[in-house]
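For reference, the chain that follows is the form predicted alone, supplied as structure tokens.
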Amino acid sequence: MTLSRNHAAKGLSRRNFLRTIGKGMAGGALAGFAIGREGAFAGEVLPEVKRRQLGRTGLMVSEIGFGGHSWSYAQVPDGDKMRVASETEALEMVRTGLEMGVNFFDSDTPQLEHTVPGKAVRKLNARKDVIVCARLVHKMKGQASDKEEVYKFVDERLKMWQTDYFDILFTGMATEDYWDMSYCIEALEKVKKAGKCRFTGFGSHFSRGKFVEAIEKYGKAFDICSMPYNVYHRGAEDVLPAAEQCGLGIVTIKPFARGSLLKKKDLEGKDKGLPRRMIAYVIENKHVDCCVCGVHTIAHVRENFSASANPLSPEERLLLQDSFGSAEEIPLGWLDRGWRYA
């Protein structure tokens, strides 16, 4: 059966998914990941995350994915401080995400973003059932040395993920303008031929106008692109049509602007459910294939990924407008300058 892009696809049911990754497991880490179990808590039926086709890759990805910052940013309450999720907590978060149908894992520069989910996926024997994305960011310079940076990164990070290949390898540069991508494109093709990655992409801190230029100049050499998009920073709406017209899969980042948009919000009171609504806003855009988000606790996993099964109501859309109609500028200056509407 062929599934058209931008239409949510059920794919495997959660029960069949559990049967699939549970085959051949005897006494392993999936013993507690019981076949037929309805969620992480007895008697609970978790909402299922739908899937979409990722551009021309043919990959069916969950429309919401694990962001790499889930494992590297101190966001777990611990007394009067915050800490990163432990490996034990991460295992349960990944397990619950898999039960919900999440199969996309993003990983950025920090090593924890590779080692922590890598260990969890390995313990769950789920590598064949997930899409692993690694980002070589802030390293490209538009010169011949880019090639060695790519080769070095790939070999280092494959070991951290405990895998032989990446499904997706992104390159990027910390600038508001795009770089000469010809050198990294050459390196990425070599990495592909060596079987170390399946598909390639790019994404960076370009302004939205420069992003469109980069798509026009280099888009055909890539399979996927990635850009920030949230209810407040909506500049991606100018870029998404150009990316899709080029045939690029689209992975969006920063649905909460790295948590900045949730500061000063009463998430246990009047703003309860706000993160879910913010993600629902992103994935209701027909051009978006996957929205990756940071999750730091089991509660985050259950709420954020449930956005797939809970589209925005007209009342919730009005609540979002009220919440962010006059938001203050946030610390990520490039995001405010390049991706907000004037």
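From 1 onward, residues are counted along the sequence shown. Not measured: the values here are computed from a predicted model.
This next part talks about the form predicted in complex with a small molecule, which is not shown.
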Using a 4.5 Å heavy atom cut-off, which stretch among 130-138, 233-241, 116-124, 212-220 contacts the small molecule in the model of the complex?
-> 130-138
Examine G259 and determine whether its closest non-hydrogen atom to the small molecule in the model of the complex is within 4.5 angstroms.
-> yes
Does at least one non-hydrogen atom of G55 fall within 4.5 angstroms of the small molecule in the model of the complex?
-> no
Partner contact for H205 in the model of the complex: the small molecule, 4.5 angstroms, heavy atom = yes
Heavy atoms within 4.5 Å of the small molecule in the model of the complex: does T175 have any?
-> no
Students should find that, of V292, V288, A307, L59, the residue having a non-hydrogen atom no more than 4.5 angstroms from the small molecule in the model of the complex is V292
In the model of the complex, the residue from I253, M100, C197, C225 with a non-hydrogen atom within 4.5 Å of the small molecule is I253
